[in-house]
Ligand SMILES: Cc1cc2nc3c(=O)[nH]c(=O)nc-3n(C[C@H](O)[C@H](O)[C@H](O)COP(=O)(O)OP(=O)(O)OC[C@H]3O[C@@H](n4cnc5c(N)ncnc54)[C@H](O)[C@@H]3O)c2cc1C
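Only one chain is shown below, in structure tokens, and it's the form predicted on its own.
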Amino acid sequence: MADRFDVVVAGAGHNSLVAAAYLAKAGLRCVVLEHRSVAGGNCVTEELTLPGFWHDSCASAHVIIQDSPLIRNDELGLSEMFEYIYPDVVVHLPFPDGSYLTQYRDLDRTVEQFAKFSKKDAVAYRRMMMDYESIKPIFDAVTYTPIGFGKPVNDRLAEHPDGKKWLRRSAQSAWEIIRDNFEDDHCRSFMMWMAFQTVVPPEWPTTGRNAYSLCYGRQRWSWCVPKGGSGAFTGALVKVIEAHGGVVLTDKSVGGLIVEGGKCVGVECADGSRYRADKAVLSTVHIKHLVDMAPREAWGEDFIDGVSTWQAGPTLFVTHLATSEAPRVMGDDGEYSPIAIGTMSTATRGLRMGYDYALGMPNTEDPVLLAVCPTVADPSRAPPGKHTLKIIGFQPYELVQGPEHWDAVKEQVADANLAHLRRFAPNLTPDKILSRVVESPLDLERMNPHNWHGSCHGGAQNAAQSGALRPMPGYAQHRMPIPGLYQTGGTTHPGGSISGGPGRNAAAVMLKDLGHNLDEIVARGRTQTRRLESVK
């Protein structure tokens, strides 16, 4: 029957597509159902402002995924379908006193930037990059291994010569690491800004690794972007699924799970269509919505309690612009246009961000920003000589007046963010702005229901919602309380960002349960590829 598949996948975020691609490669016939008109979830590229201007609607940088076996070993053959760009200049942070700190992909040049402010801090930065390089394979292994399929991170660290140091560092906050290793406030500000780039506040406990890993990743891979936009990546995944007999359907909003005999056997869409799974159902529906798709008693009290205590975490505020010029700032060789610009005036300004969220009021004074202009490195995303620019701020979803108040004030906040960026890129005068689209935290939720309460990362990645506790104790292996139902996406280990980790890990668990092995499937694919190449 047309509505029967081996695996039904609810939602087409990048992790769903990653999982479905591995499952399809194993010979399982998959259907992926997406409520929007485009597949990709938060990893899509769209004409948001004007025709010919292609904007990454949410995710831009693809840094973390570079260390995934998916990309590193080209397990799905994606390298034949699109390419990544690695700019020489990673990010430029200007300061109110006229100075700046630029991260280059060249480590020596970056160290020289720190040395402008402090020779001690320059030594500290190089040392931290080297320290992390020695321990990085352990953290990578944990990230891309399903919970329970290998040793926990602390056990792995205990076996490493420097493991005891990293047990302490991992438990500390990123701020504690930065404060204790750097003396100059410019250097501290840069490190604090960078440590927040996965939207995890650097003052939270257990964020210590972020003080190392986020700088290290960008030092190695730069502000890495797919040529053509984030949608090039998810578009390639769709092609892999379809090439192996799978189907990806858009404008299909999943409204409920079909549970028969205590087992999940399919889904029902809002339009009344039903898709049945002979082997399994995979969900990337946010857990806050997922529990409403089946009777409460089917989930069990432990799961219900875990969902009820789930926290959204910090949220974003985004302005997409079509411009006639890229932002220009002052750098080592005069005026130039980097792909990414960050603002954080002082390290303590970074620490105050948590207070801004707690107030429930937009903060437009001295905002912390990330401005990304991908057309600096990839002109194909805009008409000749024109640019796309995304200005990202950090604002609370829950306003004192309620989240709906964002509709009344979002344009003012966007104006304030642009005015702040102009302090450092004064060429962005009003006549250079051709069009803009503003997305408040509420708008991000409206765009994609997985952005529950405005969180684009599935939920806070704090000590209570990480590792074996994500999404909640007992269910971190992607197997849900209802037999036959599995979960992937940002609400599962290892969490948000473009890593592909939740998707690959979910696929590994499902394949094992269905009598397959992910490593064998990947190896078989490489053998087939070599045979084809030899025939050519």
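Everything numeric in this text was worked out from a predicted model, so none of it was measured. One-based numbering along the sequence shown.
Only in words, not in the display: the form predicted together with the named molecule, which the text now covers.
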item: Stretch in contact in the predicted bound form with the named molecule, which is absent here, among 322 to 330, 442 to 450, 301 to 309, 429 to 437 (heavy atoms within 4.5 Å); value: 442 to 450
item: In the predicted bound form, residue 59 touching the named molecule (heavy atom, 4.5 Å); value: yes
item: Exercise: residue 25 in contact with the named molecule in the predicted bound form, heavy atom 4.5 Å; value: no
item: Residue contact check: residue 487 to the named molecule in the predicted bound form, 4.5 Å heavy atom; value: no
item: Exercise: residue 471 in contact with the named molecule in the predicted bound form, heavy atom 4.5 Å; value: no
item: Contact residue in the predicted bound form, from 318, 382, 371, 195 (heavy atom within 4.5 Å of the named molecule); value: 318
item: Residue among 376, 418, 293, 147 with a heavy atom within 4.5 Å of the named molecule in the predicted bound form; value: 293
item: Stretch 274 to 300: residues contacting the named molecule in the predicted bound form, 4.5 Å heavy atom cut-off; value: 284, 285, 293
